[in-house]
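There is one chain below, alone, in structure tokens, taken in the form predicted on its own.
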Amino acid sequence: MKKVAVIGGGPAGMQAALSLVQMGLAPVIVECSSALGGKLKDWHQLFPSMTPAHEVLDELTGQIADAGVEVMLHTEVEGVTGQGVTLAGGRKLEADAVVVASGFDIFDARLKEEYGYHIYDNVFTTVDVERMLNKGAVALHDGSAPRRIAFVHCVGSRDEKVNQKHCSKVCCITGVKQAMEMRTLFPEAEIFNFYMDIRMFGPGYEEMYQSAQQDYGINFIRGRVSEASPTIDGRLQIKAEDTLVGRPMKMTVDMLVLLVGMKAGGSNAKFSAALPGGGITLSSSGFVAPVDLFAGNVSSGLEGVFYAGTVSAPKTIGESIDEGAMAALRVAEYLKGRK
């Protein structure tokens, strides 16, 4: 039975492995962390259906266990070829093909010092909020409930100053989802979303955006927040511009939530450098570049190596799962042609 190395145990990697099993192949998932799931492990509810994230994760990991897929945890991949992968320490894992589903990194909000992340109390990222929601303990630094909450869109997306020119695709809808969750938790609080422009591209997204305004009373202000600073009473003052009315504004809030974007995974450059001129190329954003964006969107250009999920661009969880299945199909076609 032909072996396929799958780099990454997130939704795309798990679905790729499951689809490979169905095609009579033997996948091996190589995951650097201590458990399968990728970023999905930290999520609370998924937009727009508000499905608990653990339901999707439990379904995928359950199927992996039932299928008997081999999983290598705590294992770093240093290099990729069509004949397998090089693991940390120089050990080789031979394979007949490879699916790279190593995902993305979260933009480090500390790079946007003007927002005060890890400098001032009560400045959080969307990732922090999801973790608090999972623990059932959303609160300010002193344990009290916020009276006014502001979400800042496009932190680490569409920003040339930090070399993150791309749109991260899911930040807008994440801001809407979390604002609605905050309204449920804190019905008396004022909640604001500061945005550049709202991009609601997915099924049910526009309806969710409308509901956030009409049913949940979320305020949306078109304008980028320029900076945040602490006030004498321990709150945060933010400066922004309401571009719809053309006026600068200041607002004092209790909680500032930064909608951090997707950054190209750090392993992308490592894989590319390991094979100079060998087929794994990167786009200007640092994500891996497929052969083309249409018929070859999961093909690397390197024989025997395929891509799935957010390793090549920001995507939703559903899109990543679909691409995992597509990558498995392309692997099966490739290996069939090599008999």
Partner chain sequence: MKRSSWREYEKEIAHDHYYYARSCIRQNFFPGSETTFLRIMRDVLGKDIYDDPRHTSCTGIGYHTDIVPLDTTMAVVARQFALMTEAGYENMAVSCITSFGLYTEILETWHEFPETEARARENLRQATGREFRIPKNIAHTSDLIFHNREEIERQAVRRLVDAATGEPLKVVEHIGCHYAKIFPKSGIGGSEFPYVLAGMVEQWGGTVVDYPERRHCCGFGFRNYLVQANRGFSIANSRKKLESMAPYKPDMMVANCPGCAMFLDKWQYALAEMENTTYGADGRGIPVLTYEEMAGLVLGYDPWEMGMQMHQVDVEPLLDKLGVKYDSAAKFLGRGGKYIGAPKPVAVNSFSGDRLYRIKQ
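Numbering follows the first chain given and starts at 1. This is a predicted model, so every value here is computed, not measured.
The form predicted together with its partner chain is left out here; the points below concern that form.
- Residue in contact with its partner chain in the predicted bound form (any heavy atom within 4.5 Å), chosen from 144, 163, 184, 229: 229.
- Taking 92, 135, 239, 74 one by one, only a single residue has any non-hydrogen atom within 4.5 Å of its partner chain in the predicted bound form, and it is 239.
- Segments offered: 257-265, 119-127, 99-107, 172-180. Contacting its partner chain in the predicted bound form at heavy atom distances within 4.5 Å is 119-127.
- Although the partner is absent here, residue 114 sits close enough that one of its heavy atoms falls within 4.5 Å of its partner chain in the predicted bound form.
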